[in-house]
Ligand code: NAD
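Listed next as structure tokens is one chain, alone, in the form predicted on its own.
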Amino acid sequence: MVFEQAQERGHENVVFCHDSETGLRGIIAIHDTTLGPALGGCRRWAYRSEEEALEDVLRLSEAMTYKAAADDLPMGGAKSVIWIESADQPATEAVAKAMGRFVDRLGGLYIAAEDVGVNTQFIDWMATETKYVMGGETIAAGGDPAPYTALGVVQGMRGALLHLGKPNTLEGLTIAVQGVGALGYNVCKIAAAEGAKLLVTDIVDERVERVVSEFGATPVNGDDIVEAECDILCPCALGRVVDANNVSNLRCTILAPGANNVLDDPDEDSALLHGAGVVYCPDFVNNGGGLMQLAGLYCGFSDEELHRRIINIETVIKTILDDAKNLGSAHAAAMAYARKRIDAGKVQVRTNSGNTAATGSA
């Protein structure tokens, strides 16, 4: 089953990790390294089964390849997951270090980063065992990527507004944010400062109370927010919140995700959104700000260059949405946009290999 799924999605490596001392169960999936070493977050999650964990890491790592390509980064795509028993299982230094050792064994082919269930402290624990990790505060460089991801998400919203022929301001718009953890909170912070009205929900009551108190947000029942009446729907929790069953019930003009894999079936659901008149900002482009920040630090980009790239998400999203008119959906347009760069990278690899072989045979 693993080989079949990896082959179907085009993965280069899938590594299962087990540490007997800590009980760590992890999977590292490296999708594509055509454009460079593969960067992707490490997620801690209480999966219901091994099959669910594998499906998640394969989907997420594939998306990272296209995200890096669409962001014009010299990086490939990967992801790792740590399978925990329950959502309230505490993160430990021992498990983080064990995961760091597994990452280190790959010798830089995979660069780990922060994701759901992993904070900057966990990353710094990993960093005591490997230099191939980003997003810590005391040992690994980068810090929390959420503010940069949030800035990119808002820029994506602006691109969608321009595509619709509207001003690229959030003032007066109603934005529904599903999940107000680190990412969702920062989206709310930017939007509120610009005069947007916020509808919010989260599985943690304290998070909702915070954005209600700080930004005057209106709390909404978790089951209702996806279908709430709003200008922009911004899912910032886990994926697969939009599918064929609820597309027709959406009451937003723009779907601008902060979460990964927000569509259950990107090919089918994006086409359905297109047909329903909902403007969809493809998630792997829209939430690329955090990746840009971490990859930029790894590659040595200046602060000015990093900021320019994140702000440019507005232009990229508008370009993709304009292209979607002829390609049938925003997802199809985004994939074409990313694959064009990956294909160019493969041509360059073959050209370099040919030149090396020719030089060696002379």
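Note that the structure is a prediction, hence the values are computed from the model and not measured. Rigid core: the largest C-alpha set superposing within 1.5 Å between the two forms. So that there is no doubt, residue numbering starts at 1 and follows the sequence shown.
Heads up, the form predicted together with nicotinamide-adenine-dinucleotide (NAD) isn't pictured, but that's what we're talking about next.
Q: Among 76-84, 132-140, 198-206, 267-275, which stretch has residues whose heavy atoms lie within 4.5 Å of nicotinamide-adenine-dinucleotide (NAD) in the model of the complex?
A: Every other range fails; the passing one is 198-206.
Q: Which residue, A182, L173, L162, I190, is the contact with nicotinamide-adenine-dinucleotide (NAD) in the model of the complex, using a 4.5 Å heavy atom cutoff?
A: That would be A182.
Q: With nicotinamide-adenine-dinucleotide (NAD) left out of view, which of A91, L109, A228, L238 would have a heavy atom within 4.5 Å of it in the model of the complex?
A: Of the listed residues, the single hit is L238.
Q: Hey, in the model of the complex, is N260 touching nicotinamide-adenine-dinucleotide (NAD), heavy atoms inside 4.5 Å?
A: Yes, N260 is a contact residue.
Q: Can you work out whether A146 and nicotinamide-adenine-dinucleotide (NAD) are in contact in the model of the complex, taking contact to mean some heavy atom pair no more than 4.5 Å apart?
A: Close contact exists here: in the model of the complex, A146 approaches nicotinamide-adenine-dinucleotide (NAD) to within 4.5 Å, heavy atoms only.
Q: Quick one: is Q155 in contact with nicotinamide-adenine-dinucleotide (NAD) in the model of the complex, heavy atoms, 4.5 Å cut-off?
A: No, Q155 stays farther than 4.5 Å from nicotinamide-adenine-dinucleotide (NAD) in the model of the complex.
Q: Taking only heavy atoms into account, state which residues of 287-314 are within 4.5 Å of nicotinamide-adenine-dinucleotide (NAD) in the model of the complex, ordered by sequence.
A: Going through 287-314 in order - heavy atoms within 4.5 Å of nicotinamide-adenine-dinucleotide (NAD) in the model of the complex - there is one hit, N287.
Q: Does A69 show a Cα shift reaching 2 Å between the shown form and the other one after rigid-core superposition?
A: No, A69 moves less than 2 Å.
Q: Core-aligned, does H331 move its Cα 2 Å or more between the shown form and the other one?
A: No, the C-alpha position differs by under 2 Å between the shown form and the other one.
Q: Spell out whether the Cα of L60 moves at least 2 Å between the shown form and the other one when the two forms are superposed on their rigid core.
A: Yes, the C-alpha moves 2 Å or more.
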